[in-house]
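Given as structure tokens, the chain that follows is alone and in the form predicted on its own.
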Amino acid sequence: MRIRVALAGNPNVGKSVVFNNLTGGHQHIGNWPGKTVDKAEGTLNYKGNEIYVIDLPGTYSLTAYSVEELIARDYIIQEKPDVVVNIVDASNLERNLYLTLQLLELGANVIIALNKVDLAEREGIKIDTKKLEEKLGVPVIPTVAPRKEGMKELLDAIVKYARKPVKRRIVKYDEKIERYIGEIEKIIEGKVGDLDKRWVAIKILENDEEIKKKIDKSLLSKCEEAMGRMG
């Protein structure tokens, strides 16, 4: 089985170390097409599976305000990797989970590599990984990348959930925002290709210019009219 894996995470969470641990010497560093941003990709074989890994640019969000954000978001949308491994810094959990929630909204098949658990413990932080799994609805694998701890468990999870994707948990907003999302979803139903309609609705509400470019102008007008009527 060939499995395509994208590594996503904030800058300085140990993403490159995880990438090197997984791919070893079987990697290639180039540039993203038309960009000066590094593109790192590699392969490995694990339990009879050929696993292709791409290290997405480090980013704090997927709002497409920067080249790195746009590259990461477009790759997940267009290439649809089998698994997105979200490397999260256990010592800075709250800030890191903002990207996690955006990945879930995007509809990605997410596995969390909870990295730097040793650093978190030294700072007196103890994370209940089972509770975190329950809250987010995705697998959480504790790792210490420099010592290669958790890499086998991470690979086992990649193979397992590539075959049987995790059923993502929907991030719920307050009642008013959910009404807006629901109304826009009705308008764009079946008209945004293979993009996730809920995610597109959220991006329209956020006035995301990159997403608005992908949508028919008359459709956008209907969405704006609906939002106007709802106040």
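From a predicted model like this one, the values you see are computed outputs, not experimental measurements. So that there is no doubt, residue numbering starts at 1 and follows the sequence shown.
Here the subject shifts to the form predicted in complex with a small molecule, a form of this protein not shown in this document.
A.B. asks: Let me know the one among 126, 122, 95, 135 whose heavy atoms come within 4.5 Å of the small molecule in the predicted bound form, would you?
C.D. replies: Flagged contact: 122.
A.B. asks: Report yes if any heavy atom of residue 22 sits within 4.5 Å of a heavy atom of the small molecule in the predicted bound form; otherwise report no.
C.D. replies: Although the small molecule is absent here, residue 22 would stay clear of it in the predicted bound form, with no heavy atoms inside 4.5 Å.
A.B. asks: If we define contact as a non-hydrogen atom of the residue within 4.5 angstroms of the partner, is residue 12 a contact of the small molecule in the predicted bound form?
C.D. replies: Contact with the small molecule, yes.
A.B. asks: Does the small molecule get within 4.5 angstroms of any non-hydrogen atom of residue 17 in the predicted bound form?
C.D. replies: Flag for residue 17 set to yes.
A.B. asks: Report whether the minimum heavy atom distance between residue 144 and the small molecule in the predicted bound form is within 4.5 Å.
C.D. replies: Yes, contact at 4.5 Å.
A.B. asks: Which among 97 to 105, 157 to 165, 114 to 122, 73 to 81 is in contact with the small molecule in the predicted bound form, heavy atoms within 4.5 angstroms?
C.D. replies: It is the stretch 114 to 122.
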